[in-house]
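Next up: the same protein chain in two forms, each one alone, written as structure tokens (structure 1, then structure 2).
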Structure 1
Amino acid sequence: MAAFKRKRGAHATAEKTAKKVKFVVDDGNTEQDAVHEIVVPAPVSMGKWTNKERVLIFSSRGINFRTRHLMQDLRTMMPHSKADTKMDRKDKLFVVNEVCEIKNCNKCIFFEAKKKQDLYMWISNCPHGPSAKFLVQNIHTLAELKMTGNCLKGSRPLLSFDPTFDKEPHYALLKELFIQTFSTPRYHPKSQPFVDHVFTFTIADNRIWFRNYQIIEEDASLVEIGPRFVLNLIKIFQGSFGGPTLYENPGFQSPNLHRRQLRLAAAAKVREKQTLKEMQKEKRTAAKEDLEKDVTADVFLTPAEEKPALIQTEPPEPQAGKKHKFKPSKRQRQQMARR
């Protein structure tokens, strides 16, 4: 299926049914094998896997290394995820729904990078359900050396939410979306039966902070595994990747606007300085007012008395030379003192 380059939006139904058939056959085969041969173990699920939740994680073109690593980390953390190739930006967003259908996924996490700077994340319930768009910031991946924890690959996570999620309707919707997307289904074939890490979603400063901790001991000592990121909600839509807007975040400022504001502030500063300089220049070169001459100012002026001019006719007397001054030596001085 992945070998040939398929056109997006085509061959949807045929493959879907084919896959289902395959699955049933496999199940039957393995069960029979289990009866006759002890070597091949039965699948983990044994028919218990009922929560068929699959998440498609992929991105658009133009993402940088950090985003790519984040995507890979999410795929590692979620065994119920599937990967797909990068989507061309020329395609409209609703094409993502078709991609999800092809891959038989009912949830989708789509990363979109704009200007090679800003990263947007869409989380959506694919056929009809709600979707949300976030701006992602402060990304730290699994590979960072400060994240010292480790967990089983495919172990089920414990999800922890802030009580603030229950207070607002839009947060409640997001909570449900997160629960359905991030929790690994029980008895998923790729999952491990242990619960050894916990995802926390907290609301602070109008943003959603995501952390992942490893549970070391039963007394709840934790170490961070990573990844970690911050989600800034932009909009919630009723449909998947479209549809009427249900909620808009009033506190959201587009990164472009933010950058623009910074630039304007800097420009304003410079302009202020320039105007100050110009003003000073003008002051200096401006025509200065001549003060009016006060006639009464000369009233109290009294001219000084005239002194007779001294003319020297004779040269001055020579001063006593200081160079060859006779200074007696110490001994002589002592002798003189004695006398």
Structure 2
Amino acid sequence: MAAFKRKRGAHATAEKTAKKVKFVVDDGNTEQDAVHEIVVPAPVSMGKWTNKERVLIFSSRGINFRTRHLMQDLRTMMPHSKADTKMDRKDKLFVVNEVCEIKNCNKCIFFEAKKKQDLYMWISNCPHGPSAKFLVQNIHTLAELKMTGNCLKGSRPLLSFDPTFDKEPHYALLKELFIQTFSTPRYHPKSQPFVDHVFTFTIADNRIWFRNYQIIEEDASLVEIGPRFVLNLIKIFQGSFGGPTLYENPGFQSPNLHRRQLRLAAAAKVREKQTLKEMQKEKRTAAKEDLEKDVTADVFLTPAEEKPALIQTEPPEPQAGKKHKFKPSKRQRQQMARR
């Protein structure tokens, strides 16, 4: 058995070394054939896997289909990732550290869904930290984009960062966290020894924009593959999924407050329309009253002479009594007619 092990180790050592190969170029002259010698380098995949970074990618219950597809796309792009079942929303986030320890992972990407419409992403270095919490916006998965680019599954990506990541300390911390999380370790068993796509992290509008591009060999141009999403930083914690706050984004606005402002703006717009309708109605009513009253009707009226007011201080004299004329009734007239 020991002899077999020694023989196997010697064979592996021989495979790792470079090989010299001779080949003959036939140019039509059989007497003088050119002999060329080239050196074939050792295969890259035979190296030792030293950087054993493992990333656990899973989510809480209540996520929608777009988040599920995005999570699956990240698992496809990162061969050093692992999956797990969805976590119950009633559990505390500190439980994620125990899940990572069970899965033998030292990095974690956790998707937390709230109100079935807001998606939060945690990127953490388990179990000692630091960790960052983001609000994920503008998600587009691989199935939605239908881009023309296509890269080898399991290939190691290049990471491209905006120059702003080196200017501010909290962005520098996020850059190191992204490098350790998204970069595939060299000589990983599930990775391929090729570099044919780029992960770009760009800062614009105080948000981090993630894009995935393929490198075309002909002219080194880039073609977008997907997925794409935008990360709005909320807080950076010293520990894993909690602890003292290292940085808090002052320009962050919660989705609930944003929706409330939209509702208030819509209500103000409705009130403004209602007020405008009432004002128009009052104007129409006033115009109708003016038309019913003829302004030119009093043009030819002559005002009467003003007479002095007579004040009667004595009682009026009694008038002479008038003789009452007898008027027979109908019955009396009939009797008179019979006589």
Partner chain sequence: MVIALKTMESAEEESLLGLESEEEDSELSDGELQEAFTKGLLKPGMNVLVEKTKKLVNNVEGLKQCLADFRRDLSWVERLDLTCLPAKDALSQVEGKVPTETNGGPDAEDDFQREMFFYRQAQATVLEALPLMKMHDINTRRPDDYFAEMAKSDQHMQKIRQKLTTKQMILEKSEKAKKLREQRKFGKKVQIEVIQKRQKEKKAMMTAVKKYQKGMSDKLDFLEGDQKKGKDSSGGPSKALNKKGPSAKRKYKDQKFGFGGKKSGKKWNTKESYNDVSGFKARVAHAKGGKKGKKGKQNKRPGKSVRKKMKGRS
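What you see is a predicted model; the values in this text were computed from it and never measured. Between two forms, the rigid core is defined as the largest C-alpha subset superposing within 1.5 Å. One-based numbering along structure 1's sequence throughout.
For the form predicted in complex with its partner chain, the corresponding chain is the one labelled structure 1. Once the rigid core is used as the reference frame, the Cα position of residue 274 differs between structures 1 and 2 by 2 Å or more. Once the rigid core is overlaid between structures 1 and 2, residue 61 does not reach a Cα shift of 2 Å, moving by less than that. The Cα position of residue 52 differs by less than 2 Å between structures 1 and 2 after fitting on the rigid core. Core superposition gives residue 332 a CA displacement of 88.6 Å between structures 1 and 2.
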